[in-house]
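Have a look below at one chain only, the form predicted alone, in structure tokens format.
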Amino acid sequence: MFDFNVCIAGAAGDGVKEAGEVLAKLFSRMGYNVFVYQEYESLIRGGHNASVVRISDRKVHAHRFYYDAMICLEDYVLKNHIERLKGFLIHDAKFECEYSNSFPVPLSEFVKEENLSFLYRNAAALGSFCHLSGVELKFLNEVFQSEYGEKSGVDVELAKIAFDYAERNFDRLMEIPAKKSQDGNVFSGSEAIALGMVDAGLEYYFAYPMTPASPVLHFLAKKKLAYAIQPESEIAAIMMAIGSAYAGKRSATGTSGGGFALMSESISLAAMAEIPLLIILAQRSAPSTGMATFTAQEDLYFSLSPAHGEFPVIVASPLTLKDSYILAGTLLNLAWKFQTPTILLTEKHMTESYENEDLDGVEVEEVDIFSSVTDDVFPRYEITESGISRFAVPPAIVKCNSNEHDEFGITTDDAKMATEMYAKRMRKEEEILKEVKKLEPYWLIKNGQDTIVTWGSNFGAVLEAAEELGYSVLGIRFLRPLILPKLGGNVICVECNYRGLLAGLIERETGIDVARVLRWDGRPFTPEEVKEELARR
């Protein structure tokens, strides 16, 4: 089986992220599966950036710990990676390197001769990589032309200069043949979320920038797939989403932990007013600002109880990039079906990693909406057996109320009405449970007596480790309502937080003891690291 792991490292402003995406699209065009992990500091320029691109014959959802090749653009970042490097190194000849299997290429000289920014060194580096790895240069040129159109000429030229230089000075190290020629669709998790929402009928997306949720806003705005609007704050964003939904327009908002905290009161408002609302909550590391560009799974309990008062809420967390697409669409549909907040709980490692995927299958699930002119106030909150009242939007006369109210939305403190209305809202939880049971609330891959439980982006690394070591894997998709299969043998939970939040939840729900494999340093697990942790037990 072919499985090759390449790291591109440099400073912020060196185009490291873009080089990783280009390399992934190149190999996807050649018929391989790819996964890209992006690591960067919260800096405009300088610091340390890395893009790890894994290329494989089989479908993979994680990068590997050790590198088969590395492209290094700055000398000071090499120390962050050299212990992981097991193959060859291409580096800018502007600095010396003691690594035995290294290939210096005058990347800086090439761009100076062309009177270009250092940013273009990445194109030259990829050209030299193509020679050493035995990849036809035409695939790289195709990606440049596809990505940059008429502006691709400079990248194509620099790649050719570096390819020719490597060909003159170095022997080819390997041959990576094209398996087949294909379009090479590569998406980030954020793009998958955006496309899932759009296919489920999203019309308006309101968000205040906050890493790692911001790429959803940027993608929707760039592609003009929906009205993507940046208001002055997270509070304004969620209130605009609520207002749009009140008017009958499918809308959503997205943020990370700090912004989600600001949205809390508005989530309670949406629940009380029974307004459909999808919130994308992309987790990052630590409380407060923490490490803004690093990953974590620390907001689980926050998402399960996101605001004051009791109300139905649906929380789901995607296990793969394609699952991000599916669940984003599913939760938007569920928000409208049950007229309640839904939360897509994801994390930086999912939203900013890339895979090649075919994203399809999400459709709009229409709901009955009354929108005719009326002489009287519409009974928007009619008490029903299911708890779900008929949705209505203007020009019907629709009262929307954050106070307790009667069936017409008129404020009331009447004990009997308050009791009945509260119970009406809560009865939706029974209907939600029935619905979620039909939606694959978890993925169970049986491969042994003992089971590793996980959620979110850990799924890819855990699956590979479990396949090799003989564990079953339980990936939890829906976290509220939480539906679990019967668990036998030893149960081990792998997650990125300090206490083992999902493990604690399972212990409370089932009474079984759950062992924990945890990390909270802002980095995702690789398959090797999961195997090492399991071997210590």
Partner chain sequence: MKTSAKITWCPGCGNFGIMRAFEKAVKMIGNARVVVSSGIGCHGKIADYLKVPSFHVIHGRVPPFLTGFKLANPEMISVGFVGDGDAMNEGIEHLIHAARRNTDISIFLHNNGVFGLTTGQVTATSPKGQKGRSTPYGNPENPIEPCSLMLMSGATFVARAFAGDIQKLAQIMYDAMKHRGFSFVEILQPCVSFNNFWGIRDEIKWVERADSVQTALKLCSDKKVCGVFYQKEDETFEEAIYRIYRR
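Keep in mind that this is a model prediction, so the values were computed, not measured. Positions refer to the first chain, counted from 1.
Below, we turn to the form predicted in complex with the partner chain, even though it does not appear here.
The stretch that touches the partner chain in the predicted bound form, counting heavy atoms within 4.5 Å, is 410 to 418, out of 309 to 317, 184 to 192, 410 to 418, 169 to 177. In the predicted bound form, the partner chain stays beyond 4.5 Å of every heavy atom belonging to residue 108.
Interface membership of residue 133, defined by any non-hydrogen atom within 4.5 Å of the partner chain in the predicted bound form, is ruled out. Using a 4.5 angstroms limit between non-hydrogen atoms, residue 373 touches the partner chain in the predicted bound form. Contact check for residue 266: a non-hydrogen atom falls within 4.5 Å of the partner chain in the predicted bound form.
Contact with the partner chain in the predicted bound form, judged by any heavy atom within 4.5 Å, is made by just one of 113, 232, 385, 358: 232. Checked against the partner chain in the predicted bound form, the candidates 439, 82, 377, 367 yield a single residue with a heavy atom inside 4.5 Å, and that residue is 377. For the three residues 221, 242 and 402, a heavy atom within 4.5 Å of the partner chain turns up in the predicted bound form in every case. Taking the partner chain as it sits in the predicted bound form, the stretch 373 to 398 comes within 4.5 angstroms of it through a non-hydrogen atom at 373, 375, 376, 377, 394, 395, 396, 397, 398.
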